[in-house]
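This document starts with one chain, in the form predicted alone, laid out as structure tokens.
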């Protein structure tokens, strides 16, 4: 079994700071492997440990930080890694990323499983898995909360609002996992030192036969602000009257009837 895991370098939004105007300070924000992508790496390594799978990881970018997240994946147990060199990968159109990935699969595959995070920390488009599956003409199971390999089938549990669904499919297959899928392991000092000696392979889009990519225009990014009414009632003397006023406001705002 051969598994390809796709990872993305994203902003660590938990440490993101903003200007007074609401603009995010992205230039000084730290970057890391996406949370759900890290869960995808963990799933790949678990399949390696259980089934002897050969694991490959790939990312798209052009900085030393892209190499860093490849080495982070190595430290978790991945066998081989690729960086596809593209400038400004964060504004690549999802269909162009799908084209790059499908070409990478043709060049370095075949793969039994292609696994990635259900959504990235920054764009949250949740479309890439479906695009890749469509271009490769193979099935997809999206939003997976638990993944198993049983009797030649991948079995995936997906917990939805209306219930829990279990899907089965044979390889080749695309799977997108949520952050509920597992708890990613913390690398040991030994695996971190080993990862620093491993080769990180690089490719260009021309190496993959992709002559053109489409980028989107990022027009504006602002911090989302919830404007609160800041209405206060003093209930120390008459609780019932304060509650009546509270309900009156809820009704007038259409929150309650």
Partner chain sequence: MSERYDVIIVGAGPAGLATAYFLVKKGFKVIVLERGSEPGSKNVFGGRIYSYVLDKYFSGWRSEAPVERWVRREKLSLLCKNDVVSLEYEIGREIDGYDSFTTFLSRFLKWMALRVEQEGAIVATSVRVDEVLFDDGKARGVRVGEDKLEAEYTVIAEGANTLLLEKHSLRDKISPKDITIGIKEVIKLGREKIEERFGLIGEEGLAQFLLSPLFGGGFIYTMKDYVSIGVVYRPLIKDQVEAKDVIEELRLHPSISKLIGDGIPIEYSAHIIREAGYRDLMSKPYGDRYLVVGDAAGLLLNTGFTIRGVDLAIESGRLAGEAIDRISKGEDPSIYVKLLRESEIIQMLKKFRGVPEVLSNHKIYTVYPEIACRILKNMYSVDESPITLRESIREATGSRFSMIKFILELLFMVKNL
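Residue numbers count along the first chain shown, from 1. Only a predicted model underlies this, so the values are computations on that prediction, with no experimental measurement involved.
Absent from the display: the form predicted in complex with its partner chain. The rest refers to it.
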Even though its partner chain is not shown here, does it sit in the predicted complex so that 19, 68 and 197 each have a heavy atom within 4.5 Å?
-> yes
In the predicted complex, segment of 41-49, 54-62, 185-193, 200-208 with a heavy atom within 4.5 Å of its partner chain | 185-193
Does its partner chain come within 4.5 Å of any heavy atom of residue 212 in the predicted complex?
-> no
